[in-house]
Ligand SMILES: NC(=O)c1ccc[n+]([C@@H]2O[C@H](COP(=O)([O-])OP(=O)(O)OC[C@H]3O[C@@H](n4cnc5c(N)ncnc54)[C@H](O)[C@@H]3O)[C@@H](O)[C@H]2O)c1
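The data below hold one chain only, encoded as structure tokens and taken in the form predicted on its own.
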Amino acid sequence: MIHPKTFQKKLTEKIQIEQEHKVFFTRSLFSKENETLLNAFEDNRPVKALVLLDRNLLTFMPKLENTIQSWFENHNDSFVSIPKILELPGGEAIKNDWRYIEKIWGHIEKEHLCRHSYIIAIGGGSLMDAVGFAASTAHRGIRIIRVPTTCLAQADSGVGVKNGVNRLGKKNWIGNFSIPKCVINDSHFLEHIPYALFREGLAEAIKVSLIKKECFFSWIEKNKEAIKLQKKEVVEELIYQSASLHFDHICNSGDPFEIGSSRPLDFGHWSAHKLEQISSFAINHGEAVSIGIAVDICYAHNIGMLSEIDKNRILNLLIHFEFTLYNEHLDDYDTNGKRVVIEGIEEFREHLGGELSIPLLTQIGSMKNVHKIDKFKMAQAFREVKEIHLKQ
């Protein structure tokens, strides 16, 4: 007789799921003759869709909603009914308030969307993070088409597979991974945003060039004046190169859903996320990442990993694009006399779910993960970026 405590059986099998990740690049997506969105559906029958629009866009493009509505009316044969366009707040506001997730779920239910329907999210990265989370959890997953409209979202987050909202005072604490039906980058949106907003995406483009491709960093250096003037063709190339590098890592790194501890695309982000948090998100993501990059390259130089020549090239490029490399919240201390932003290191490890793994540069275009931080050398880096800031 087999004793109950010794009885054991096991079934093991690998589940392989093939999913296609697609990113389209176009101009004037909602012009009458543009059929990129129709091609994205790939359905042989009329589809049901819901459009969720970042209302921040209407500040720069007041006629946008009418333009979108006209496009759907001109292609009404492809839809069960003309999709409703619903406005939502953009920025961290939509990620900080759970009621917006429930509002999206409510509209999905009201419009009787199913898993074969589509949600079209048009807006910045925050809106896509929140809408992506709501869409991927309703009916255990409704197909979503992302239309990122900021430089930051087109260059980085929009082509990703992460969704998330902020909870418990922490950025993206609740979230999941899901591959969108497709992403459509429309350069026309970038023609209507001011430089201060456009610059946010530059931080992520510089970041990915630093860890992935030195020649892309050199191209940014060479074209820095045209980029700063937001010249159309140069901006389109910047977006394409940055998105391509992010896309390639997601699809070909072997870890698209971040099961392991290595996060090379989060270079400069451990302190960036903490700065956003302790400033109550008054510091936007692009500015926080530029500070995080400055801190980490100064630290890498302090510990002998990065040359002074490379450090100065990077700092000079960030300064050229008018990034602020220091914020007073870097010098916030808690009641125990500990620097608050340093807590971001442990939170970063906790977010990874395993071993601390912080990417640092060894040279432009190449990085290495480190698994511990010398807090004295890091404090030196904080002082250095502050001194650079004061000289600016």
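As the structure is a prediction and not an experimental result, all values here were calculated from the model. The first residue of the shown sequence is 1; numbering continues from there.
One more form of this protein should be noted, the form predicted together with this ligand, which is absent from this view; the next part is about it.
Using a 4.5 Å cut-off to this ligand in the model of the complex, each of K95, T150 and K162 places a heavy atom inside that distance. Contact annotation: Y333 falls outside 4.5 Å of this ligand in the model of the complex, judged by heavy atom distances. For the chain shown alone, S78 is not a contact residue for this ligand in the model of the complex, no non-hydrogen atom being within 4.5 angstroms. With a 4.5 Å cutoff on heavy atoms, G90 counts as touching this ligand in the model of the complex. In the model of the complex, L197 approaches this ligand with a heavy atom inside 4.5 Å.
Put simply, of K274, H285, H301, R143 only one has a heavy atom within 4.5 Å of this ligand in the model of the complex, and it is H285. Only one of S136, S157, S209, S290 comes within 4.5 Å of this ligand in the model of the complex through a heavy atom, and that residue is S157. With the partner omitted here, the stretch from 167-175, 106-114, 223-231, 304-312 that lies within 4.5 Å of this ligand by heavy atoms in the model of the complex is 167-175. Counting a residue when any of its non-hydrogen atoms is within 4.5 Å of this ligand in the model of the complex, the hits in 38-65 run D54, N56, L57, F60.
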